[in-house]
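Before any questions on binding or motion, here is one chain by itself as structure tokens, the form predicted on its own.
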């Protein structure tokens, strides 16, 4: 019996599994998402001179309203229309949810090798590559719905994906180019002094990646695939109950994962803290620091919901191809200049 318990404990704290499921994986992502949705509602209400969530747990500012909403989704009937492709209709959102959190496996939260989820020199490229998987299944869910509004929403998702991925990849690679390494640990360690955060040395690339995160997760003003006044709920029109909650939650989880990568590349990662030997000092503390930075970035994205209107699809795509891709390329050139001058040597 003792051997089984020891095996379970070792399995739980095994770095890839621990990072994927607990910190900063799915469990941490769900906690952060609950807070961010509450923050988003309260911020929008304050800007628009409303109260926002209040009647459930008024002393907590209505924070428990999110738990009530989750409970409501969990007990609602899941309706699967007869005309849909049943296997894809059910499987695509669940697969998208799982794949949205998978990139954290390639994101080290410390510089101590034993706690690396995947010890490799190309963790930046792999983590960015894994982020491109989940949107495919959102488009598949729209196609399987056999609904014209869902199809339009899925096509909008495809258009936005095509526009943002190049911006995201170019701006992310800029951070690695400046440091002359695609190992995220090297990139974080190069930013150890506060003034060397790549956010300050290459704000152009940071701006491009921030905009790409907004576009890829339907953050305002890019909430185009789910424009309810035009196409109902977009790709998720035919979904109900917990399945609808899974679809909407995966976008927030994906945003959390992207902001984790943003924090590692542009905000110094676990700096100013220096990881020490031991699980708590060597992994938990630096991981919590990265999660806090990512949560702050997510909060700024949520604030934009209260102050910006939604762009049209043509405006968003035009801005991506004519404005943000040149900005991302400018950031890449700046990173090349920094590498040549040895700024992070």
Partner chain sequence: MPGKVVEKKTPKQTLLTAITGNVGAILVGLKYFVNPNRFTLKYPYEFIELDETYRGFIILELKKCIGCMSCARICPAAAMKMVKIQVEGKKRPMPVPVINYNRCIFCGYCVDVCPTEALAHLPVHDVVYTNMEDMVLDVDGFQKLVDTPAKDEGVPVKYVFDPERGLVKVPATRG
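Numbering follows the first chain given and starts at 1. Bear in mind the structure is a predicted one, so any value in this text is a computation, not a measurement.
Heads up, the form predicted in complex with the partner chain isn't pictured, but that's what we're talking about next.
- The listed set 60, 296, 307, 30 contains one residue whose heavy atoms approach the partner chain in the predicted bound form to within 4.5 Å, identified as 307.
- Comment: 41-49 is the region of 273-281, 41-49, 287-295, 22-30 lying near the partner chain in the predicted bound form, near meaning a non-hydrogen atom within 4.5 Å.
- Mapping the unseen interface onto this chain, residue 35 falls outside it, with no heavy atom inside 4.5 Å of the partner chain in the predicted bound form.
- Shown without its partner, the chain has 303 as the single residue in segment 273-303 with a non-hydrogen atom within 4.5 angstroms of the partner chain in the predicted bound form.
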